[in-house]
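Below you'll find only one chain, the form predicted alone, shown as structure tokens.
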């Protein structure tokens, strides 16, 4: 078991989500930064899709009730282990960490990035809903956000002994790549040029449903309304105000605002680490 001492602003159990169910209105959900969850699981010898903990910002504290092996990935920031004697050890991220019974793992406020991932050897063994133990913040599917005193069972399905003692940090990409369409004709070439030419700021009103971008606004080349259409994570919807919303893993599966482009799937992990106020650029690829 692992006990939640403090959840921080928001701590969720997430795996790789529920892909393939959009036709029945179920979002993919799952870890926002899938690469970081996969890495954390590999570092402790789990299957890459095992359920772990996604922590927003800092403040997460977990107590091991038995000896455990864990790994912390994602945003960069301090990781400490506090033993029963109150002795504090500074620990590295992206490395397997050995916790003794009653050790408390604490995540400090990140210096870069926004979301951290904690994998436990054996995985978090909670009941699955529609094939996943992930919590969907919009539909409320899956286990509820973690709270003080929650006790999470640890599974026993592991792939083997970890053979890596440290993984390098992921290099930052200069811009998010965007494929035009399917409704880029609603904005024309001028709209695509403005999308790529604007330095967008991440709005504080962003979450796992959508990352709101401040800047612009983008002007439409045509008027009218669209019927509701399928949506995917990474879609850049443009509401009437002209400021794009980049849909996240818990975003709706349909929507009626025109989508000027879709962020390349391989770049979506970086979106999970964008902090409020951070500036970013989008580059059009064809």
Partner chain sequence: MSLPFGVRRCGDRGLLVDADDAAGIAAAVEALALAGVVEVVPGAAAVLVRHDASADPRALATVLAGVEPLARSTESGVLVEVPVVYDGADLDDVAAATGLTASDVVRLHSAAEYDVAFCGFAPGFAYLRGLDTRLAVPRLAAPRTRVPAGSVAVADTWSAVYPRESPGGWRLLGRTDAAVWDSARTPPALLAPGTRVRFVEVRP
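Numbering follows the first chain given and starts at 1. Because the structure is predicted, anything quoted here is derived from the model rather than measured.
Below: the form predicted together with the partner chain, not depicted.
Heavy atoms of every residue among 22, 129 and 227 are located within 4.5 Å of the partner chain in the predicted complex.
Stretch-level contact analysis of 35-43, 51-59, 247-255, 213-221 against the partner chain in the predicted complex, using heavy atoms and a 4.5 Å limit, identifies 247-255.
Interface residue remark: residue 162 is not counted as part of the site for the partner chain in the predicted complex, having no heavy atom within 4.5 Å. Within 4.5 Å of any heavy atom of the partner chain in the predicted complex lies no heavy atom of residue 64. Using a 4.5 angstroms limit between non-hydrogen atoms, residue 139 touches the partner chain in the predicted complex.
Using a 4.5 Å cutoff between non-hydrogen atoms, residue 82 does not count as a contact of the partner chain in the predicted complex. Residue 179 is the only one of 196, 179, 101, 125 with a heavy atom lying within 4.5 Å of the partner chain in the predicted complex. Between the options 10, 271, 13, 262, the residue in contact with the partner chain in the predicted complex by a heavy atom within 4.5 angstroms is 262.
In the predicted complex, the partner chain lies within 4.5 angstroms of at least one heavy atom of each of the following residues of 183-211: 183, 185, in sequence order.
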